[in-house]
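Quick heads-up: it's one chain on its own, the form predicted on its own, in structure tokens.
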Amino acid sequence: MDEDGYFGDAVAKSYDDDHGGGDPALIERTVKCLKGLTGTGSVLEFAVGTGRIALPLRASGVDVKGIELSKAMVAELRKKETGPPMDVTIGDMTSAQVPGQFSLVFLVFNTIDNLVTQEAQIACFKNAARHLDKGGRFLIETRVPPLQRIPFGETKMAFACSSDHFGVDDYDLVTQRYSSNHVWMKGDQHQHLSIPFRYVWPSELDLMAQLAGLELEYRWADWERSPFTHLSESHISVWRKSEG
């Protein structure tokens, strides 16, 4: 593993295609929702990555900055820029600091799970709170842990099976950690990648928010603000910093 961790050159180059970057309608809905929460202030994206969301949000007229651990991901962002370079700080979203205060900090596409300990996830909330103006918001998009799909006593769940890609998640219900295991096949060549994560429940996120001085304001099932129910497979949660 190189200095970019699990998000080196190979992953960075295909990241958009694998994570909704080819769905303009989804990006449009995401940007519309984020812009509606921003007000007149500036925005900070944790794990800005390739700019899949940050660049179109910036193009809509919002002042956007980012934090990103992987230089390879930022290199892909730079290739897509058409205006002045976005201000991106290379660092860990649990601790990296960006000058200024923001009306919105956001973290999308399950990326909170990349922090593989509860302590790191709490630190992420606290870092978001440090960057927020009074009354500012912290938004996370992530999935609801899919444990209802796993038979009692089992730990593995397949998520991909095609002619060139197998994928299996392996869960540890004691630590809430899981690994996402991929095998890609091209001719007689095989490539394997295993990435560690930690799943987190909505109620646990709410407690982390409280520890950071934030209070739940909204929870939706998707970017169209559909109601969150017991059948929702993901959620978009928004916590607000006190104005006091």
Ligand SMILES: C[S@@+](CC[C@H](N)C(=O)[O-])C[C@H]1O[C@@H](n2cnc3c(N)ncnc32)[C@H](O)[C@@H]1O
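Residue positions are given as counts along the sequence shown, with the first one as 1. Small disclaimer: the values here were computed from a predicted structure and weren't measured.
FYI, the form predicted in complex with this ligand isn't displayed, but the following is about it.
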query	finding
Output flag, V62, L104 and A128 jointly within 4.5 Å of this ligand in the predicted complex, heavy atom basis	no
Interface residue in the predicted complex among I140, L132, M73, V88, criterion: non-hydrogen atom within 4.5 angstroms of this ligand	M73
Heavy atom within 4.5 Å of this ligand in the predicted complex - the one residue of V43, L55, A47, M208 that qualifies	A47
Residue contact check: Q118 to this ligand in the predicted complex, 4.5 Å heavy atom	no
4.5 Å heavy atom contact, F109 to this ligand in the predicted complex	yes
In the predicted complex, Y15 touching this ligand (heavy atom, 4.5 Å)	yes
Any non-hydrogen atom of M93 within 4.5 angstroms of this ligand in the predicted complex	yes
Among 185-193, 211-219, 62-70, 33-41, the region lying within 4.5 Å of this ligand in the predicted complex by heavy atom distance	62-70
